[in-house]
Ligand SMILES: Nc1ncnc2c1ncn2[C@@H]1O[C@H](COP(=O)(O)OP(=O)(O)OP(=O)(O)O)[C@@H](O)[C@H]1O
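Shown here is one chain on its own, the form predicted alone, set out as structure tokens.
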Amino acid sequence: MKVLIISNDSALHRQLAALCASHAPPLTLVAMRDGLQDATERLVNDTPQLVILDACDVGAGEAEMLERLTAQYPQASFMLLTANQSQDMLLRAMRAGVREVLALPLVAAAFDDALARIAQINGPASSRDGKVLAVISCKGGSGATFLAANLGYALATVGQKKVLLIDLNQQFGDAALYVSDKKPVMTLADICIQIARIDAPFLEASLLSVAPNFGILAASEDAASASHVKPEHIDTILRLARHSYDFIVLDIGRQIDAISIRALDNADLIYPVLQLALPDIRDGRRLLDIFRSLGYRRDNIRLIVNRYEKGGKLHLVDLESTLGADVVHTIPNDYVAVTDSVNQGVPLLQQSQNSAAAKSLVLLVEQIVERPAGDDGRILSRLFGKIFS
């Protein structure tokens, strides 16, 4: 881990350098700076992963400078050392994105414990390579939001993956209501307003927790707040989320705009959702034409037919022929089970686990989650055994 030390105390410099050298594995000291102003004016070429700040000489008016420093090193963890752990000091540090505050004189054991916490937060996340799944509605009322929310829950509980759902429907975003009765404490707009301080712990703390490994970043609550969300913010959030989650499910909504296009650009797989009806097919063809004009690969687009009923006048082969794309999955028309789930704000797999729609969701999870070589389909058996035992 590369370390930047900010302090004008030569004795503290020496102590920190010794602690970094003796740590297992050793920490690499890339630079030292005399104070906040020096640190903000002279950036380190070899970007640090940990910034240790001696706050003894930080004045009350330098909080803005601290926020600027955290913005300059957005991927770094920050450790603040202070002899004055006042409530005001702690609050200002937290607002700036500092996660560790240690008392001076510095105790070696406390320093090691703080490093262990930082490693625990950053270590597992860096080993992930999350996939982004974009769920988009071909026509209003297709059930795409219901599917996105319940797919996220199913990937987390059945697939045993760490999952993030981001609600990008800026006008009518309500994905959280499908799987939870709790009110989000933060929204996508709140994150974007503070985008300079975003890191893995901040993102995690901003989510509505639905299950231990499934959280939702809720949509903006009004149009005014939604205006704070910019396309470049989507890049930043998804780049960070890929390192922290196995799957990031995007509820795109139906609109095609700068935000949704940037989200689709980042998607590994795109799931257009439609029903087997002429208006849906017409709008689905228009949507796929847009995808082609944007250069999205055909094999990354996976059609899902919702509320599917066999024996109708329209057939899946007709749909595939008209749209020039394959249907990868169907969700059966299971009105009672789905309606009960929606009305109670409870995930379908929790509310009606034996329903046809719930079993279909498990099949979709089996399709998305990669199988180990030689598994010969036993993953599906284990998934069904886990949920329906």
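Numbering starts at 1 and follows the sequence shown. If you're wondering where the values come from, they're calculated on a predicted model, not measured in any experiment.
The same protein also has a form predicted in complex with the ligand, omitted here; what follows describes it.
Think of it this way: in the predicted bound form, the ligand has a heavy atom of just one of 144, 301, 176, 155 within 4.5 Å, and the residue is 144. Comment: the ligand is not present in this chain, but in the predicted bound form one of 40, 333, 350, 355 has a heavy atom within 4.5 Å of it, namely 333.
Contact annotation for residue 52: none of its heavy atoms lies within 4.5 Å of the ligand in the predicted bound form. Within 4.5 Å of some heavy atom of the ligand in the predicted bound form lies at least one heavy atom of residue 140. At the 4.5 Å threshold, heavy atoms of residue 228 stay clear of the ligand in the predicted bound form, well away from it.
By the criterion of a heavy atom within 4.5 Å, residue 306 is counted among the residues contacting the ligand in the predicted bound form.
Annotated contact segment (heavy atom within 4.5 Å of the ligand in the predicted bound form): 336-344, selected among 336-344, 318-326, 22-30, 40-48.
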